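Just one chain follows, in the form predicted alone, and it is written as structure tokens.
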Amino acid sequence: MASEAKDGGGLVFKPMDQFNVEALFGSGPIGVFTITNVTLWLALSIVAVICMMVLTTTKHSMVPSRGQSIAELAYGFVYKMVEDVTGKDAVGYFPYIMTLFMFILCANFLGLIPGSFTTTSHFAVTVVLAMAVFVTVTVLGFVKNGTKFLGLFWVASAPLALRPILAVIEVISYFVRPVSHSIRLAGNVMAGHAVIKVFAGFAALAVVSPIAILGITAMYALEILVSFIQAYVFTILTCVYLKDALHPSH
């Protein structure tokens, strides 16, 4: 966590080392098919989603177990989000949005386990998720509306002279969506974990150890909240983008 510098005798912190991608087997260069810590924790996230949403609900009962209660609560929460933000005609896309929410949520919470790896702190993961949403809603927009989907970029309520300028701004804003969508998730998760690692480094010093431990506790509690909020924000933005695809007119 923290080590003595050979030249100056001070503390050297390396809070970003926890995000290093490492091969699970061997020490050679990492290739496309190399099994890494990212691969492991992505797989564990998928297993966690299956355990929470499938295995806990196979024996459905009128008096739900704890697992079934959590699954039903998550289901109702996301379903209401989709219905309220996107409209009832978007309920057919609920399975995709629900899967997206649960995967990000489980990946975020698994990353809070000491010694684990936070997959959603890597842009390689969040960019894929964001691009999947971007391509899906764009294709869906043209399939559902044809060329009328381009009305999303034409602000008909604005003065005629401003419409071309606003159209350019809308197009740029649209193509920036996957960038902001992915950076928001990865940046917030990465920042929180890095701060916790810095506090953990100070915990090695007896003088400030109690304060550092309090800082770790406070940041960990905050990260629990952030893990949920970031999954929620990513999902609700997906719903907003889906709404634009289904109802593109301003």
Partner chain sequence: MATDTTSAADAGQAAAGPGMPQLDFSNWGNQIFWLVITLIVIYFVLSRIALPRIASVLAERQGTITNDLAAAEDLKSKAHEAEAAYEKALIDARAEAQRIVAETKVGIQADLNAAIATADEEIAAKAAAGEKVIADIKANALDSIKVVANDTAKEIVTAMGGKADAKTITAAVTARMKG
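What you see is a predicted model, and the numbers here were worked out from it, not measured in a lab. Numbering follows the first chain given and starts at 1.
If you look for the form predicted together with the partner chain, you will not find it shown, but the lines that follow are about it.
Q: Which one of Ala204, Ile46, Leu222, Ile216 is close to the partner chain in the model of the complex, taking close to mean a heavy atom within 4.5 Å?
A: It is Ile46 that has a heavy atom within 4.5 Å of the partner.
Q: Find the only residue in Val179, Leu112, Val155, Val128 having a heavy atom within 4.5 Å of the partner chain in the model of the complex.
A: Checked against the cut-off, the match is Val128.
Q: Okay, which stretch from 81-89, 147-155, 114-122, 161-169 lines the partner chain in the model of the complex, with non-hydrogen atoms inside 4.5 Å?
A: Flagged stretch: 114-122.
Q: Residue-level contact is defined here as any heavy atom of the residue lying within 4.5 Å of the partner chain in the model of the complex; does Phe142 satisfy this criterion?
A: Result no; Phe142 lies far from the partner chain in the model of the complex.
Q: Using 4.5 Å between non-hydrogen atoms, is Phe103 touching the partner chain in the model of the complex?
A: Yes, contact at 4.5 Å.
Q: Check whether Phe19 has any heavy atom within 4.5 Å of a heavy atom of the partner chain in the model of the complex, and answer yes or no.
A: Yes.
Q: Would you classify Gly31 as touching the partner chain in the model of the complex, given a 4.5 Å non-hydrogen atom cut-off?
A: Contact check for Gly31: yes, within 4.5 Å of the partner chain in the model of the complex.
Q: Within 4.5 Å of the partner chain in the model of the complex, counting any non-hydrogen atom, which residues from 69-99 show up?
A: Result: Ala71, Glu72, Tyr75, Phe94, Pro95, Tyr96, Met98, Thr99.
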